[in-house]
Ligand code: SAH
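A single chain comes next, written as C-alpha cells; it is the form predicted on its own.
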Amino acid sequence: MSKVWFVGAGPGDPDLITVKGRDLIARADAILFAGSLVSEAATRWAKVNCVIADSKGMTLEEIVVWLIAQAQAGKMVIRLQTGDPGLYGALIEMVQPLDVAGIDVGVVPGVSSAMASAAAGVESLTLPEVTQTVILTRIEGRTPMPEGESIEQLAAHHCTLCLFLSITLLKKVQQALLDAGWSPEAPVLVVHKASWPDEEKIIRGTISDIRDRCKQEKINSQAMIIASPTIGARHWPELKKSKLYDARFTHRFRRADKQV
C-alpha cells in the first residue's frame, strides 16, 4: 500500500536511527534522503531494487513532486531527514501537498543533534536546582524570528539553550548572551557533526572565546551550540542530587528510609 513516511535519520551515525526507521527502510520501495545532512550509509538497509535519490540539489517543490510521483506509482516511500522530522525539517510544508494529493503520511521521530551533542560532551541539559528547562531555538538569520523569541529574550531565563543553524552567526550569539546578562566566562559547548564517525569535533570554551576557538577548528557548518549553566558539571566538586533516587524520598515504588 502506498504511503510516504517521514523518517528521522538521527544526527549522523547511521546506528542512531530508530529500529522502526531501520525496518521501514528495509521495506521501502523508494527513498529520498537529504544528502547534505544525512549520511548515505543510512540507506544501507534498503532492498537491492529500492529507488534511492538524493535531494540536496532539489527545491521544496521538486521534493514534493518526487514523493507524490513515487507514491502514486503504488510505492512505499521514505523521506529520510536529518535529526527529527518535526524540528527544523520543513515537515508541514511537505505534508500539505501530500494531503491535497490524498496520499497517506506517517512520521517516525529521530534523535536530535541537540541530544547527540550533549551525549558527545557527556553533558546533562538539566540538573536539579540548576536548570530544569531546555530551549531549542536558533538565532535570527535570513529567516526572521517571531516576536518575543529573540536570543536575548530567551537567554534571559538563564536555562539551557540549544542553538541550531547558528554557527555562522556566532558573533551575534555571543553578543545576545552578554546582553541577556550572561557572564563572559560562562561555558559554551559546540559540537560539529555530532555522532558522525571520524568527523565529530567537540569544542569547549566560554562566551568570550568560543568564536575564536571555532574559527581555529574551521567550524562553519553543521554545528550545535549549547550554552547552559550545566556545562562542565561532571567536574564540579558538589551536585544537588535528584530526589527520585534519594533514600529519604518516598515515591510509589519505594518507601523512604527513615534511618538514613
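For every residue, the number given is its place in the sequence shown, counted from 1. Note that this is a predicted model, so its numbers are computed, not measured.
There is another form of this protein, the form predicted in complex with this ligand, and it is not shown here; the text below is about that form.
Residues placing heavy atoms within 4.5 Å of this ligand in the model of the complex fall in a single listed stretch, namely 112 to 120, out of 98 to 106, 112 to 120, 174 to 182, 69 to 77. The partner is absent here; in the model of the complex, the one residue of 31, 224, 42, 227 having a heavy atom within 4.5 Å of this ligand is 224. This chain is drawn without this ligand; in the model of the complex, the residue among 165, 186, 135, 156 with a heavy atom within 4.5 Å of it is 165.
Although the partner is absent here, residue 130 sits far enough away that none of its heavy atoms falls within 4.5 Å of this ligand in the model of the complex. This ligand is not shown here, but in the model of the complex it comes within 4.5 Å of a heavy atom of residue 87. The partner is not shown here, but in the model of the complex the stretch 170 to 205 reaches within 4.5 angstroms of this ligand through a heavy atom at 191, 192, 193, 194, 196.
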